[in-house]
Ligand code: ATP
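As structure tokens, one chain now follows by itself in the form predicted alone.
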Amino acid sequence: MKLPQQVLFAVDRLQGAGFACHVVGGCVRDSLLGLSPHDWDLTTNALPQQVSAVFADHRVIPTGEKHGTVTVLIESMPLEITTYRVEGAYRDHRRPDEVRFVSEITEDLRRRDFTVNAMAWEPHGGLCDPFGGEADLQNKLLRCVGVAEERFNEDALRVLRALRFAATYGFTIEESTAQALFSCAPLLSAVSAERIQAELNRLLVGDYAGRVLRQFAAVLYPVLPELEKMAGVWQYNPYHDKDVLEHTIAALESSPPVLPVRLALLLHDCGKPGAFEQIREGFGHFPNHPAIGAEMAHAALRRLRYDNRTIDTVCRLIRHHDDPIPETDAGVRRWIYRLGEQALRWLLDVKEGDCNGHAANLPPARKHELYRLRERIDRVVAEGQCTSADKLAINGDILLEAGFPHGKAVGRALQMALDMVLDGECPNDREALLAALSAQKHLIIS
């Protein structure tokens, strides 16, 4: 492993003071996978007060001193340094009631969640791997340290962390660990919505998200009951060969790993179970399910504490995922005005994912249409066509100079001008717009 100079400095400083020190956890896992760690954690037999004394010439932050952790800033790099510890009971399924410092690193590694995260590295002694994490890493196997039910009962968030690691790294979840995920899923009710959201986000954008959802969707039911309602709901349509949940997973896994797109696809058909109407024997449809789904998604995302911008974007993508978009410059201008360029591109990604979740007999024209729309968006944007009021060739000052009265009339005139330009009824030209508005002045100021 190649350690950053700041990490080597910290290890050497602690060892020079007579203490043991290893890098530990995720940074070891990622380094062995050939990835660049996002942060570096260290573990030592020095007590927090002793760590603070060793780094008295640096800024030391007592981030979790009661639990053995201090953060040391070395050349602006924050390093969390934690004393070897074992943990007591977890009555809230989230935090230990107490911790006890120990002198052996193996005891510290024994309390960790998964074998691939229970490895430590020391520059002179190499890898410390008492639970077979390196072999599991090579076999792409995710396995709890010790008894899986005990690890998940200690910290229920580990249930979602397991799914996230599988979705991100492509790990297969070992059988007893997988069984414990299902039995311990109800414990997620003890975890804060913010922490659930953070793990769900990383799961959804993982390269293997579809595979994980297909196998473990039921684990998410306690936090996303909307998924459970989709399971087993048949669609009674010749272009659908999957139930609503399997269609959802197929759509999501074929989409780009962009969070708003994948959140939208995860919930785009959540309105279907309550909207089904039978047309005739063996055939049905789901009237108004995008609008129903958008309302349900709003409640789900609010429950999981998503920010307002994300909620608004995702719900708009869901609400419009079945809407037709005209293959004209005017149609594209209107949709960019309605959603914004980026959100419109995301909407096409949602539409394409939705197509990919259908049966193989879906007419190819549906996807060809999306390809042509992307080309048209590119051209409209490249040509700088007017798609918003700030791109109009006129503004309020110009209208006042032209004799339009102050007040609401100016706003009405600008909106009328924008509508004409968006719909291709008037070029985005100052003189042409003033002439067109003057002809309608009696309506604008009435």
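What you see is a predicted model, and the numbers here were worked out from it, not measured in a lab. Heads up: residue numbers just count along the shown sequence, starting at 1.
Here the subject shifts to the form predicted in complex with adenosine-5'-triphosphate (ATP), a form of this protein not shown in this document.
Proximity of residue 411 to adenosine-5'-triphosphate (ATP) in the predicted complex falls outside the 4.5 Å heavy atom cutoff. Using a 4.5 angstroms threshold between heavy atoms, residue 229 stays clear of adenosine-5'-triphosphate (ATP) in the predicted complex.
Among heavy atoms of residue 383, none comes within 4.5 Å of adenosine-5'-triphosphate (ATP) in the predicted complex. Of the heavy atoms in residue 143, none are within 4.5 Å of adenosine-5'-triphosphate (ATP) in the predicted complex. Contact with adenosine-5'-triphosphate (ATP) in the predicted complex, judged by any heavy atom within 4.5 Å, is made by just one of 214, 366, 305, 202: 202. In terms of contact with adenosine-5'-triphosphate (ATP) in the predicted complex, the residue from 285, 338, 240, 111 that brings a heavy atom within 4.5 Å is 111. Only one segment in the set 400-408, 55-63, 414-422, 32-40 has residues whose heavy atoms sit within 4.5 Å of adenosine-5'-triphosphate (ATP) in the predicted complex; it is 32-40.
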